[in-house]
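The chain below stands alone and is given as structure tokens, in the form predicted on its own.
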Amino acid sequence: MVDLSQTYTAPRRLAGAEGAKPKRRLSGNRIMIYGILCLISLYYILPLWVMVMTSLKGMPEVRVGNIFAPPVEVTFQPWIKAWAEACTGLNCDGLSRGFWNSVKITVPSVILSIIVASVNGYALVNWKFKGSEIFFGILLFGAFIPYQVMIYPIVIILRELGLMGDVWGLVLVHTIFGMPILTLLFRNYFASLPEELFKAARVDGAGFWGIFFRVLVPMSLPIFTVAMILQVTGIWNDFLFGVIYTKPEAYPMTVQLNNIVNSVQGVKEYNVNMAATLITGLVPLSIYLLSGKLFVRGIAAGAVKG
């Protein structure tokens, strides 16, 4: 018998296989790319740094003029005043009233616009009806109409409906203006899903709403997240519609912020203005940071088909 242990020889290792990994050298192109990225980051970070540092200083320290320096003595009094004490016209209750008005406007507007747009996109892809392409073309056309063109006709419509100056009138406006672009997003996303899913659901006896709630909604979390972020950001940051279609008691947060910053009474408190600006932007910023990955996934999937 042959002794296999003596005939077997281990494979030779290539020379230098266990050596150190070669280091990547910084080429000219890589240095240029990193440099441009750093400049762009600085462009966005520097104003935010100034705002945060100024909002944590007292007015005597702000008057020194070194806007880039961190505060010698940190104080949160500007934040407290911006939230509860700053004057926004005749009222001196800060941004608190505007915050709750913005919540009352944003939440129903986002929910209604997403529900309507998702059903529209679903119907345009899988349940095409006579004239569906014309309907979709009208929606696309509506997405590119400047808001300023529609201001006066909407004023007349809301007045006739008895909603002018009311929070629900502004909810209706945001829902209508959000439908075109959201319908396009949902339609593109649903078109990228395998058609076999819908055929199998129909074979199993699922109808219009059964397919929508049992098949599409569980698979469409990324695009629903995209729609939510777009709507929350757009509605929360809106100033034009808020100042036109509501009255002072129902002003959203952005209008209240404008009244604080542009107030001509008393001393210009830059630390309070900076704190009020940061408070106003915290909601959309927090939502985007918490769901940024789903936002990117939904945008990428919704751009597959058009």
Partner chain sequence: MLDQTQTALDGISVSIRDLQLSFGAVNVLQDLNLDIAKGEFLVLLGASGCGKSTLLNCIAGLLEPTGGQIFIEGQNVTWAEPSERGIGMVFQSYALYPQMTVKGNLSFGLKNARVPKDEIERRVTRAAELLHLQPLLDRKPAALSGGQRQRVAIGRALVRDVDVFLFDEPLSNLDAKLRAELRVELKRLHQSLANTMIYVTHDQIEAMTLADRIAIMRGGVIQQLAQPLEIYNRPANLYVAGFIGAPPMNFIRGRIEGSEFVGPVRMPLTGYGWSEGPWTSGDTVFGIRPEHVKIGDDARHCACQTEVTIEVVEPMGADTLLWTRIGGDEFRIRLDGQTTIHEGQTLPIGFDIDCASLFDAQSEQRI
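Positions refer to the first chain, counted from 1. Note that this is a predicted model, so its numbers are computed, not measured.
One more form of this protein should be noted, the form predicted in complex with its partner chain, which is absent from this view; the next part is about it.
Heavy atoms of E160 never reach within 4.5 Å of its partner chain in the predicted complex, leaving it off the interface. Interface membership of D93, defined by any non-hydrogen atom within 4.5 Å of its partner chain in the predicted complex, is ruled out. Using a 4.5 Å cutoff between non-hydrogen atoms, E85 does not count as a contact of its partner chain in the predicted complex. Although the partner is absent here, M228 is not a contact residue: none of its heavy atoms lies within 4.5 angstroms of its partner chain in the predicted complex.
A200 is the sole member of V103, I111, A200, I80 with a non-hydrogen atom lying within 4.5 angstroms of its partner chain in the predicted complex.
Although its partner chain is not shown here, in the predicted complex the stretch 210 to 247 places heavy atoms of R214, V215, P218, M219 within 4.5 Å of it, in sequence order.
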